[in-house]
Structures are given as C-alpha cells and as structure tokens.
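Consider the single chain below, provided in structure tokens and representing the form predicted on its own.
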C-alpha cells in the first residue's frame, strides 16, 4: 500500500466512524461539505493526523479553501509527512 493509499484508508476509517456514513462516501473528490464535517470533526482529524503522521494541519488550510476535499487532504499529508521523515 502506498503512502497515499494508507492515508486515504486512515481518513476513510476515521470519517466513517465520525459520521456513520458509508465507506464509499469517502473518496478523493468528496468535499468536506459533502461529508458534513463540522469544526469538531476537523479537530478530531487534526489530532489523528498529528498522532499518526506527525503532520500539523493548520485550521486556515480548511478555512481558506486550500484543502477543500479528501484528495487534497491526502496529498497535503503525504507531502508533509515526507518532509517530516527527511
């Protein structure tokens, strides 16, 4: 499993647990609005990502739309986790 596949699988499990939605609802093109994530959900995602990948997710990334869907979040975590490992 590639790093991005691992990240997507982790986020899928996390979001499915939080929102009690179908696994198929969490895919790279799914927006946070589609998934009905609220501010508390973002905090839970931030904590989980920090714990697992050592990547800080700054809230402004979500607020200003830099990261607007699951695929962009996966790409960001993959890029930042490589930087942390280097």
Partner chain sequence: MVRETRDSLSDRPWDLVCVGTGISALTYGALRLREAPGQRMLFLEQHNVPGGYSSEFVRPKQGARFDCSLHKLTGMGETGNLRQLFRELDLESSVELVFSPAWFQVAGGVELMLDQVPSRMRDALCDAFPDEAGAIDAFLYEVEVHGRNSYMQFEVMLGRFEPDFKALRVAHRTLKIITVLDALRARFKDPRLIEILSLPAIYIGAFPEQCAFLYYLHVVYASLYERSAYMRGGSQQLSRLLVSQIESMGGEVRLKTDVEQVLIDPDSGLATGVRTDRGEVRADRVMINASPRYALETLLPPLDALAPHRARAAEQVTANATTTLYLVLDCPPESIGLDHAETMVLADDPLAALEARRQARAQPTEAALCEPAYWGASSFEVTNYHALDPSGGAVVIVNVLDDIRHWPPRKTPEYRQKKRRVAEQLLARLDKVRPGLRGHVRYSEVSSPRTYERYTRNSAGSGYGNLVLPEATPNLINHNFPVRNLSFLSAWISGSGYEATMGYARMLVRSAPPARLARTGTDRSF
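Residue numbers count along the first chain shown, from 1. Just so it is clear, the model here is predicted, and its values are computed rather than measured.
Although it is not shown, the form predicted together with its partner chain is what the next lines describe.
Proximity of residue 17 to its partner chain in the model of the complex falls within the 4.5 Å heavy atom cutoff. Shown alone here, residue 40 lies within 4.5 Å of its partner chain in the model of the complex, counting heavy atoms only. By the criterion of a heavy atom within 4.5 Å, residue 66 is counted among the residues contacting its partner chain in the model of the complex.
Under a 4.5 angstroms non-hydrogen atom cutoff, its partner chain in the model of the complex lacks residue 35 among its neighbouring residues.
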